[in-house]
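Only one chain is given next, in structure tokens, and it is the form predicted on its own.
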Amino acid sequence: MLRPAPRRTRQVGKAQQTAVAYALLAPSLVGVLGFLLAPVVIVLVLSLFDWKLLSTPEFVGLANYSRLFADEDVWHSLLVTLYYVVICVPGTTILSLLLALLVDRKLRGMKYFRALLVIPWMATPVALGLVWSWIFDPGRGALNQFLGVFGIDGPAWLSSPVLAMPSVAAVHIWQFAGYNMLFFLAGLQNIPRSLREASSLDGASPVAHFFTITLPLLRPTMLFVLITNVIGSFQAFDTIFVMTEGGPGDSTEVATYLIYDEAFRKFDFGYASTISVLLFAVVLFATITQFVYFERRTTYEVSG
């Protein structure tokens, strides 16, 4: 008859397993601490200082925050950023879901078509910004040349205060729709086919099937896509910098561009850090709100 291992031996074995687990996690933990948590702490500390880069940092307490709440440029940039997010998040989410429904078919060559849709996401934002700046060029751009074939005189897309932001947002949607499509496609393929068959036997139309079965079961995927889209849209900078540089006027001056302007043109790193803290708080609030909304509306497991 086998005797159970002594209690001390079990404790030593458990301690060894814990040590091995932490050793395996160490590289990732170092990355999280060094590239995620440490920068947040540094920005929080810098927001309490007046630092012009070449001068000695001077502790000013909450003076930067008092200046921030009275700065109209900051609140304007937040409104511009919110406008950008309102265009990009629904546009990217809806288009990526439609693409996922389109490619969720077992047809010859479909895997190559899926790969083709992801290619824009793999390109660098700066390169995309340069290409799309040429496409939107009012004189020799491909878009206005195409419209000219139908006798339409295309506008100055990036020089118009009204059209500049939707134009830049369209590039963002085009770039990330294929990437987010992959997550929706994985969610669609995780839905048991027995549910689809039962829905068909009950006489449900494709539209009814989508809204009553498919969409509710895609809520975990929807939550992930929405959160990453919201965070990514609030952080947008590269494409806007290349295509409009915050213009015309300040119509595309999002919060990240204002942070760049304060830090690397005016060299006011303390105030730029304060704006970064505000942006971080806004993104955190938006993320928590989405989690709370989806918490009781999401089904994570479905038995086939």
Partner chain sequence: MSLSRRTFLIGAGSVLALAGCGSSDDKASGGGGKVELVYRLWDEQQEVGYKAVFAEFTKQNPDITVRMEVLPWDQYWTKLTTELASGKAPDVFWLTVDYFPDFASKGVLAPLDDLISKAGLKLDSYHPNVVQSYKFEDKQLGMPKDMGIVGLLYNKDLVAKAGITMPAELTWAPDGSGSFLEVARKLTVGSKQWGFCSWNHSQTQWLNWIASNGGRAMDKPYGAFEFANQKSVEALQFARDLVFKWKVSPDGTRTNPPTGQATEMFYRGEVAMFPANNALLPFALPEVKFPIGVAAMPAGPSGRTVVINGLSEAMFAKTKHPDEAGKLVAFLGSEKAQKLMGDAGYIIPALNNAGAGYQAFWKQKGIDVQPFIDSAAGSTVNLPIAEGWTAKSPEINKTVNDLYLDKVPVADIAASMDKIGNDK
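Positions refer to the first chain, counted from 1. Since the structure is predicted, the reported quantities are computational estimates derived from the model, not experimental observations.
Keep in mind that the form predicted in complex with the partner chain is not shown, yet the notes after this line are about it.
Q: Within 4.5 Å of the partner chain in the model of the complex, counting heavy atoms only, one of 134-142, 116-124, 82-90, 205-213 shows up; tell me which.
A: In short, 134-142.
Q: Looking at the partner chain in the model of the complex, do all three of Leu53, Thr56 and Leu158 come within 4.5 Å of it through at least one heavy atom?
A: Contact check passed for all of Leu53, Thr56 and Leu158.
Q: With a cut-off of 4.5 Å between heavy atoms, is Thr239 one of the residues that contacts the partner chain in the model of the complex?
A: Because no heavy atom of Thr239 falls inside 4.5 Å of the partner chain in the model of the complex, the answer is no.
Q: Taking the partner chain as it sits in the model of the complex, is Asp104 near enough to touch it, meaning that at least one heavy atom pair lies within 4.5 angstroms?
A: Result no; Asp104 lies far from the partner chain in the model of the complex.
Q: Taking heavy atoms only, is Ser47 within 4.5 angstroms of the partner chain in the model of the complex?
A: So Ser47 does not count as contacting the partner chain.
Q: Is Thr244 a contact residue for the partner chain in the model of the complex, using a 4.5 Å heavy atom cut-off?
A: Yes - in the model of the complex, heavy atoms of Thr244 and the partner chain come within 4.5 Å of each other.
Q: Within 4.5 Å of the partner chain in the model of the complex, which residues of 253-275 have a heavy atom? Give them in sequence order, or say none.
A: Contacts from 253-275: Glu253, Tyr260, Phe264, Arg265, Lys266, Phe267.
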